[in-house]
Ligand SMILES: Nc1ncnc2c1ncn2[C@@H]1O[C@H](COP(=O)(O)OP(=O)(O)O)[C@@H](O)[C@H]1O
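For reference, the chain that follows is the form predicted on its own, supplied as structure tokens.
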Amino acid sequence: MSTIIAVAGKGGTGKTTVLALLTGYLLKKGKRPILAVDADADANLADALGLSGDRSLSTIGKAREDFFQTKGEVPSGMPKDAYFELKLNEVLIESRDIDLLIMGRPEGVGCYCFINNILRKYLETLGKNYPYVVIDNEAGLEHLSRRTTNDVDCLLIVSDYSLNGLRAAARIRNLAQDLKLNVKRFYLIINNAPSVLSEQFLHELGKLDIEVAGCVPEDTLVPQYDIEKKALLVLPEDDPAVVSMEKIARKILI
């Protein structure tokens, strides 16, 4: 059975960085292959995982739009659901250790209930082939709210070192609960954290009903790798962000 880990947080908190660091830890521990799903409209996961390229432009959103606009051209004798699943297979970016699906832009005009039902079934079936499925989500949990993923073993809510980040984290947790999403465990991760957290920040942190998995410290190499278009998976093992993620992963992967 696959373990599904989703990451959420307000914009700019470093969700993609956290997910890439966690993916690197899983690979180090031999948990491969991994299915990564980029459900953020700002789609940066491919770069962080070293999977960027021409194929990264292929998205589920584009496949869905193409299908919706040309559904009358389904090959004779092929059911619509089988045809759309074929299109989904075409946008899967494959590598030796990680396969990546990019959700792409939000839906346009029209009813997509049928297509979303196919997508849900496709993700459930595809996910069973991987020990871990990791999902880089957008702050509103839009794709989760559509039930394109029915079960999440662990939802990592990422906050930056700010009170606004903590308040956004609380709203995301509350939204997930209001939507009655099947999330087994919630964890909070503080990204870009200083070595010493202020008393006021700790006070606000203590008021949240979310277990803190740990802090990822400020790290000079992470932004440098981003500028140089290097995958975060090849950060040195003694890099502070990598070391902190190892501690976090040992806590959350139970």
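Model, not experiment: these values are computed from the prediction. Numbers for residues come from their place in the sequence shown, where the first is 1.
There is another form of this protein, the form predicted in complex with the ligand, and it is not shown here; the text below is about that form.
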Requested in this report: Please state whether all three residues T23, G30 and P236 have a non-hydrogen atom within 4.5 angstroms of the ligand in the predicted bound form.
Outcome: no
Query - The single option of L35, V222, L51, A63 touching the ligand in the predicted bound form, heavy atom within 4.5 Å - result: V222
**Report entry** Answer option from A213, A46, A39, V216, heavy atom within 4.5 Å of the ligand in the predicted bound form
**Finding:** V216
Requested in this report: Would you check, heavy atoms only and a 4.5 Å threshold, whether E204 touches the ligand in the predicted bound form?
Outcome: no
Query - Contacts with the ligand in the predicted bound form, stretch 1-38 (heavy atom within 4.5 Å) - result: K10, G11, G12, T13, G14, K15, T16, T17
